[in-house]
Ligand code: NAP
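Encoded as structure tokens, the following chain is the form predicted on its own, with no partner shown.
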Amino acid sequence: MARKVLVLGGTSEASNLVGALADRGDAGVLSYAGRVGAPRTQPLPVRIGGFGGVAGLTEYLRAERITHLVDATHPFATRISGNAVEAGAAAGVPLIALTRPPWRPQSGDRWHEVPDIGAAVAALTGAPRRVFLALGRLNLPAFATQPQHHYVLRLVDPPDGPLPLPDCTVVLARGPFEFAGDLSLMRTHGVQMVVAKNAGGVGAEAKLHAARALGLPVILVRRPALPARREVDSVDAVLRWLDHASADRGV
């Protein structure tokens, strides 16, 4: 059976992997959750939307004759990552995760690490501040319980309705981001604190460098626990795994 790879994406790493697969002539599909209004054009077929849980993903793997499954989703996409582990095992499709190494504090950082979004919200109790909320729009409603702050939000797409935060500024931008740009953003909007997830990688770390340069405190949400699985942190490592796994399966 010819090799066919399903890449669970939504990250720059997934796009880089799909480009490498296309360059090699590998068949595959890139799957998006569909939360971005205008995703980048890709060199392989794209599927947008959910699968319907573990059962739906298992059926998709079988129906589409997927031979290899790569989870290149965001480190905080716990549901799809958990479903991928279960569905891959049920369908007999080998799985690997393309992950970003988490960020580590450096000299000059003023990080306050918290276990989840709820703890990040609680950490904002107190006097009004100007907060750069770099978490994505799905997490915004939780911060409505701390309405005293002015929030600076960076979103990929324009809001399609009223935002849940009464006092905020929206900046529309798509990463990867650079240090100079994030430094300018924080100075322009008088940012006094940054709230972010420890997503890792290089495409979104500029905000941490800018916060360090300005001496700003950062509330950083730790990564959630995920099921045990094989993980690598580079496209080349995924390609080597694909070749080795294919040889083992006789593909």
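Keep in mind it's a predicted model, so treat the numbers as computed, not measured. All residue numbers refer to positions in the sequence shown, first residue = 1.
There is another form of the same protein, the form predicted together with the ligand; it is not shown, and what comes next is about it.
Asker: Specify the contacting stretch among 91-99, 123-131, 104-112, 77-85, defined as having any heavy atom within 4.5 Å of the ligand in the model of the complex.
Answerer: Checking each option against the 4.5 Å cut-off leaves 77-85.
Asker: Using heavy atoms only and a 4.5 Å cut-off, decide whether all three of F143, T169 and L216 touch the ligand in the model of the complex.
Answerer: None of them does, since no heavy atom lies within 4.5 Å of the partner.
Asker: Even though the ligand is not shown here, does L138 get within 4.5 Å of it in the model of the complex, heavy atoms only?
Answerer: It does: once the ligand is placed as it appears in the model of the complex, L138 has a heavy atom within 4.5 Å of it.
Asker: With the cut-off set at 4.5 Å between non-hydrogen atoms, does R47 touch the ligand in the model of the complex?
Answerer: Judged by the heavy-atom cut-off of 4.5 Å, R47 is in contact with the ligand in the model of the complex.
Asker: With the partner left out here, check for me: in the model of the complex, does some heavy atom of H68 sit within 4.5 Å of the ligand?
Answerer: Outside the cut-off, so no.
Asker: Find out whether any non-hydrogen atom of Y32 is located within 4.5 angstroms of the ligand in the model of the complex, and reply yes or no.
Answerer: The answer is yes: Y32 has a heavy atom within 4.5 Å of the ligand.
Asker: Looking at the ligand in the model of the complex, which residues in 187-202 have at least one heavy atom within 4.5 Å of it?
Answerer: Only K197 sits within 4.5 Å of the partner.
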